[in-house]
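Below sits a lone chain in structure tokens, taken as the form predicted on its own.
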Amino acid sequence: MLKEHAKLIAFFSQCQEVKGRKRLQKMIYILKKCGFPFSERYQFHFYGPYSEELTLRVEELNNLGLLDEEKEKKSGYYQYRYTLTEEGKNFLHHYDLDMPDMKPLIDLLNERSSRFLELVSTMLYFDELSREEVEKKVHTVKSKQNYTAEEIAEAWAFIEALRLSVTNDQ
């Protein structure tokens, strides 16, 4: 059980901070789809792939004092900010975990908006379909987002860049 928690702590130690629950869900999902050893199961939800397991693990890490969750009031909604605590950093020193370097991909993901990560993760969720079918699916399940052809093309290029980055690192 703690091994999966340790993987998340390793993630947080490499990204310093994550702003937003949706962003966190999408980042872990995309990293998982890139071959990083996260075990959380995902289902398709309102904002794309969602893992209840991830939500529970993050809550447990917060309750154990290994992760800090700050709730910030934004215009009309709350945003959550996650950072690793000193206890979390110390926990990682006591746990023998062979986790690949995620920092380059984390930096790429953190440069993008949550909206874009939602698009990329949705496209990856349907990656067993053809490119044309993926795009059709995106327009069906994400019709309210009104993704443009340019955004979808940018997402395809981003997915390819992620895959190349992972291939080059191995």
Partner chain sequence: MAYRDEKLQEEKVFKDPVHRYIHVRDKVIWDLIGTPEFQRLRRIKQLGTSYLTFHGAEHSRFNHSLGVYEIVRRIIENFRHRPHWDEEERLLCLCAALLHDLGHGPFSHSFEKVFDLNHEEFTRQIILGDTNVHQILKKVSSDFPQKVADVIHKTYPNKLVVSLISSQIDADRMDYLLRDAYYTGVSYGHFDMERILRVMRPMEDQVVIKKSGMHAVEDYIMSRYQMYWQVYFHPVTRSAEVILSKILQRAKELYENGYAFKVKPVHFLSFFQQEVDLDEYLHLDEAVVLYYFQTWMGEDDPVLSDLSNRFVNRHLFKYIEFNPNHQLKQWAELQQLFKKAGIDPEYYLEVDSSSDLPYDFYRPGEEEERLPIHLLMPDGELRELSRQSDIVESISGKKRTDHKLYFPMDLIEGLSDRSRIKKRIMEILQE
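Because the structure is predicted, anything quoted here is derived from the model rather than measured. Residue numbers count along the first chain shown, from 1.
If you look for the form predicted in complex with its partner chain, you will not find it shown, but the lines that follow are about it.
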- Using the partner position in the predicted bound form, report whether L2 sits within 4.5 Å of its partner chain, counting heavy atoms only. yes
Look up in the predicted bound form whether L66 has a non-hydrogen atom within 4.5 angstroms of its partner chain, and give yes or no.
yes
Open item on the list: At 4.5 Å between heavy atoms, is E59 in contact with its partner chain in the predicted bound form?
Closed with: yes
Report task. May I ask you to state whether S130 is within 4.5 Å of its partner chain in the predicted bound form, using heavy atom distances? Result -> no
Looking in the predicted bound form, the residues of 19-47 with a heavy atom no more than 4.5 Å from its partner chain, listed in order, are G20, R21, K22, R41, Q43, F44, H45, F46, Y47
